[in-house]
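Heads up, the chain below is alone and in the form predicted on its own; it's given as structure tokens.
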Amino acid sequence: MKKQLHHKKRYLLPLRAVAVIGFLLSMVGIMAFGLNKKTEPIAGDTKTKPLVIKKDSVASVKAFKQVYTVLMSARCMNCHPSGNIPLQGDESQLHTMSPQRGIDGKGVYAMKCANCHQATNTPGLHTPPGNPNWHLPPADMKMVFQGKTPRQLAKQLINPKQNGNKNMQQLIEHADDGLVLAGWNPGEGRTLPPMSHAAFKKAWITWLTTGAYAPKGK
């Protein structure tokens, strides 16, 4: 009898070990399934939601046409000129003081952007708008908006060699960049972009997450 119990104990321990290992493996499988489960991105919450691309050329192009109206407004285009002098005013005229882009986009020599553009807007009508990081795109990544067709601009925005080396997630997050947000707080006497920042962000994310298609044309 003792010999039979001894044999049972010898087999009981391995069986328990197998059961424990099986349980642990099942838990790992469940966790892996949970991590790989795809959910729809939510505007404003893309940092906590997996990025899902569902290609839809019609929805994508429609969304970009909305985005384009904002990017071509003075609040955006003035800091994305075709030349090295920023633009100014609702009419996007050359800056009256003719400041230059400079290598880092922050001006040259003693004429730096921050000399006039402080961390916040200067009080008063048509006074310099402000931001702690006021600048043009740098000389090696000019990110020109001025004169671009919808197709040209869409293609430029998703090309890492032309958009500041940004991937899709970084492009989505860029909608909340400080200088982007400054476009909706330009100071007294300036026209706001043609839609709210919330509407722009929704269109921006929709464009990117439906395939980032470029409109037809040149």
Partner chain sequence: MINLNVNQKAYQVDADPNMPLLWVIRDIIGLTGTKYGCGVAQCGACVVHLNGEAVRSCVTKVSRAEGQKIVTIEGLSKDNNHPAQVAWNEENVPQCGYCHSGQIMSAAVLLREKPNPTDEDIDSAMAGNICRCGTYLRIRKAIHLAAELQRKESASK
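Residue numbers count along the first chain shown, from 1. In this text, all values refer to a predicted model and were calculated from it rather than measured experimentally.
The same protein has a further form, the form predicted in complex with its partner chain, not shown here; the description that follows concerns it.
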query: Its partner chain contact at Thr96 in the predicted complex, heavy atom, 4.5 Å; finding: yes
query: Residue contact check: Gln100 to its partner chain in the predicted complex, 4.5 Å heavy atom; finding: yes
query: Interface membership of Lys112, its partner chain in the predicted complex, 4.5 Å heavy atom rule; finding: yes
query: Contact test in the predicted complex: Asn133 vs its partner chain, heavy atoms, 4.5 Å; finding: no
query: Heavy atom within 4.5 Å of its partner chain in the predicted complex - residue from Met143, Cys116, Ile85, Ala139; finding: Cys116
query: Full three-residue contact with its partner chain in the predicted complex, heavy atom 4.5 Å, for Gln152, Gln169 and Ala175; finding: no
query: Its partner chain in the predicted complex - contacting residues of 196-214, heavy atom within 4.5 Å; finding: none
